[in-house]
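Let's start with one chain on its own, the form predicted on its own, as structure tokens.
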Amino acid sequence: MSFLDLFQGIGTMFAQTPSIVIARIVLIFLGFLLVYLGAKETLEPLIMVPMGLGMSAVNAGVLFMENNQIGNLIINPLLSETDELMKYMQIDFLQPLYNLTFSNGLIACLVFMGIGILCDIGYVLEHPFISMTIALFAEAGTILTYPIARLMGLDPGASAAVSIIGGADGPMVLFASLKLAPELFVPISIVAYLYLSLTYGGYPYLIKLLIPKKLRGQAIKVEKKKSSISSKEKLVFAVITNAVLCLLFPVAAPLFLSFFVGIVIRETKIAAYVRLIGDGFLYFATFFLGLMLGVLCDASTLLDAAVLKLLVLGMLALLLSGIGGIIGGYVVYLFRKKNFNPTIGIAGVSCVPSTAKVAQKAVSKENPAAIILDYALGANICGVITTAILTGIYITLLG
């Protein structure tokens, strides 16, 4: 027995074309880097740590399968025939999870339930005009990226799916790409989650570039403290809004239902369900989402000419949304006669609660006494709803 027969991964690795070999090696080390940056909390650890591990494992663990084809024993996302699928579900250890929870959007809905548990809809009800105005402006990337993607040669479904990255909501991108561009579902989802983690590092620089130091540190004067929104009011709003949005956009009903289920459970304070969804579903789904995204980063899947376009368009979508959100912040600033901090605009990009934290951190650096988190969370949560509505519109028109 030769050395390469004993250590099959090494022998199989170099039996491929040079471009695939280079890509696999790069992705193995990129996986190491993602784990490191996740562990340091430079990137989102809940996604990046399992994603990095999965990415390095799937690109290292290749071997010869049937008919001398190269594959792995982790997952095959390109299966289409029913008999072939049933066979591989008994061979690849993540195949059942992929086909029964990932490729049908279930895992996205479970994450959305968890997001609902985290969201206090009261922030939206306390500042409805501000939240809605900023959220609408922060959809700039979701709207403007579409015609740019069409000009770059993507078909309508793929253009819409990559545009949803501008909403900075991972489960939404996953759901939209499954419905609109299933053939590009894997690279679009990977690009989206890689970039969403980069919003931590990129948006603070965008804030500094577009908002002067004096305005970044501006506190908001509150003349009269509003009475807090009761749980009953939040509950009524959530139930009615869920029904109305499902009526208007039934194609996105799974997303609306999942999000508002989380909100309703939070407001009814059913402790067992809060624990089940908040500690159970959310972390289960987030962990396996990260791991699944990692093992989908197979070099042979990602070496597609369309992937480069997706990388550019995904970054552009998030940049435009960030700029749009800040413009929305300036609009509110002028409408309220300068009694507002335009930094809050970045929170309209609906990466809950990350962009709200980015806004508060940027403000606190200039003025530790300025607390804008309640306004930021209102815009943040409203951004989730507006992105879901736009997803419903895209799927209705193009799906």
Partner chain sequence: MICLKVFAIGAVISYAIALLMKLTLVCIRFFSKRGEGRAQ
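Note that this is a predicted model, so its numbers are computed, not measured. Positions refer to the first chain, counted from 1.
Beyond the structure shown, there is the form predicted in complex with the partner chain, which is absent from this document and is the topic of what follows.
Q) Should E84 be counted as a contact of the partner chain in the predicted bound form, where contact means heavy atoms within 4.5 Å? A) Looking in the predicted bound form, residue contacts with the partner chain do not include E84, since no heavy atom lies within 4.5 Å.
Q | V384: touches the partner chain in the predicted bound form, heavy atom cutoff 4.5 angstroms | A | Because no heavy atom of V384 falls inside 4.5 Å of the partner chain in the predicted bound form, the answer is no.
**Q.** L289 within 4.5 Å of the partner chain in the predicted bound form, heavy atoms
**A.** Taking the distances in the predicted bound form, the answer for L289 is no, it never comes within 4.5 Å of the partner chain.
Q. Should S228 be counted as a contact of the partner chain in the predicted bound form, where contact means heavy atoms within 4.5 Å?
A. Heavy-atom contact with the partner chain at 4.5 Å: present for S228.
Q) Honest question, do E233, F237 and F249 all end up within 4.5 Å of the partner chain in the predicted bound form by heavy atom distance? A) Yes, each of E233, F237 and F249 comes within 4.5 Å of the partner chain in the predicted bound form.
Q: Tell me, out of L79, A299, I117, L245, which residue has a non-hydrogen atom within 4.5 angstroms of the partner chain in the predicted bound form.
A: If I apply the 4.5 Å criterion carefully, the residue I get is L245.
**Q.** Sole residue of P182, P128, G202, P96 within 4.5 Å of the partner chain in the predicted bound form, by heavy atom
**A.** Answer to the contact question: P128.
(Q) Only one of 279-287, 204-212, 129-137, 317-325 has heavy atoms within 4.5 Å of the partner chain in the predicted bound form; I'd like to know which. (A) Stretch with heavy atoms near the partner: 129-137.
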